[in-house]
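One chain follows as structure tokens, the form predicted alone.
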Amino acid sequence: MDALLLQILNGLDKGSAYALIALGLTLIFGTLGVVNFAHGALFMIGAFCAVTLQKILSLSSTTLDPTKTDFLGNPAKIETPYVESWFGPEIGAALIDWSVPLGILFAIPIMISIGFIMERGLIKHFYKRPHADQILVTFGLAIVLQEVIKHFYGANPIPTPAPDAFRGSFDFGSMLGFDPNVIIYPYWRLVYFFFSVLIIGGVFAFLQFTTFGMVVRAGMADRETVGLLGINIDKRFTIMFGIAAAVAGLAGVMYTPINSPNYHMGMDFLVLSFVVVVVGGMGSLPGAVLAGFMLGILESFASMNQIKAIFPGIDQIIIYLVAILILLTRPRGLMGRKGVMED
């Protein structure tokens, strides 16, 4: 039982990332009908928003301390972050320590702006083009963004630690009555799971209980009829593209302590997230979320040594095997609408 619980927990953080990225992908496909292969790049940009904020907060000035000397006998150089000079040592140190959560506030306007620019500058010209054209142009855009990040930040991963309060691990097993130190789980992975649930719940509440969301859902079901009512549905869909970009970016921001940001992390998650969307059902928001968590947990179980001893390498292909099975037996996905992807 303890091994089962541990694998479920291990699958939650990756499943949370899959679900958040797939949710944004499904929002874009459901509203605009666009297959956006640049969505993984938005996840990557969000991660580098956190990296950028940490670098900004860590900018420092150099002063000489005559009371201390280095090994050559010269006055020692003291690096003092500007935020500590402006706000005091305690507040400045706290701002640097909490740079990742603060990255949420930093990333939201940036990601929404990038989403608007992508949609208005490029995506809108491919609404009525074949899906193959959409895939090619957005995949090319993803490569361009990836190379831009590589140019400015380098090819090596950049460690971005979680706040001190959330470093270390939580003895999850002892809380459930197991022996101590049997089920140990990092605090930040729990934070990421609850954060993803909050974002997913917020998106669903926005679509379900606000007038704007109701109009968007109506537009997803029958775009022409909503347009005939005098509603500028295109403008609302552009806003939804910005929201989808923000969701992907926030997923990247909070994932940085789990996986150090690198320029190809967007591609790493993109393909898997598209598989999640296909399994859940193209255009189905609940299906994307359900499939994200389900496949994340399934991948975690497949990585167990006992399983890999029987099926070597199964952890690398299990998600694709599930996708093949779903496409063969139920092409519209687990929760997709009838007729979608079944022609």
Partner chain sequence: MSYSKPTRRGLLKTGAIAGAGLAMPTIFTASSAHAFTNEPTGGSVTLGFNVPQSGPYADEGADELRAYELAVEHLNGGGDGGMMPTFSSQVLDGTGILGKKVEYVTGDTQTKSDAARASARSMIEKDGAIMITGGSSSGVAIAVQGLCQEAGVIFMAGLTHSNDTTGKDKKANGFRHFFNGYMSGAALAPVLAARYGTDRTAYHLTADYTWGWTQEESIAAATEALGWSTVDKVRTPLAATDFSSYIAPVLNSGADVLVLNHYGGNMVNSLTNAVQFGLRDKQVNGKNFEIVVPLYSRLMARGAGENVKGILGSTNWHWSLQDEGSKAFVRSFGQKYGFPPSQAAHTVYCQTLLYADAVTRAGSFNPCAVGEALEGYEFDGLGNGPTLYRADDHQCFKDVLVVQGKENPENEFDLLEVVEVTPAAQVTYPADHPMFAGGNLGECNPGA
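Residue numbers count along the first chain shown, from 1. Keep in mind it's a predicted model, so treat the numbers as computed, not measured.
The protein also exists as the form predicted together with the partner chain; that form is not presented, and the subsequent description refers to it.
Note on the partner interface in the predicted complex: the residue among G242, P186, G92, P101 having a heavy atom within 4.5 angstroms of the partner chain is P186. The contact with the partner chain in the predicted complex, taken as any heavy atom within 4.5 Å, belongs to N156 out of S85, T210, N232, N156.
The three marked residues, A38, D97 and K124, fail to reach the partner chain in the predicted complex, with no heavy atom of any inside 4.5 Å. Interface membership of G227, defined by any non-hydrogen atom within 4.5 Å of the partner chain in the predicted complex, is ruled out. The partner chain in the predicted complex is approached by P257, whose closest heavy atom lies within 4.5 angstroms of it.
Among residues of the shown chain, G168 is one whose heavy atoms approach the partner chain to within 4.5 Å in the predicted complex. Shown alone here, S113 lies farther than 4.5 Å from the partner chain in the predicted complex, counting heavy atoms only.
Only one listed stretch (56-64, 283-291, 311-319, 23-31) carries heavy atoms within 4.5 Å of the partner chain in the predicted complex, and that stretch is 311-319. If you take 10-26 and check each residue for a heavy atom within 4.5 Å of the partner chain in the predicted complex, you get N10, D13, K14, in sequence order.
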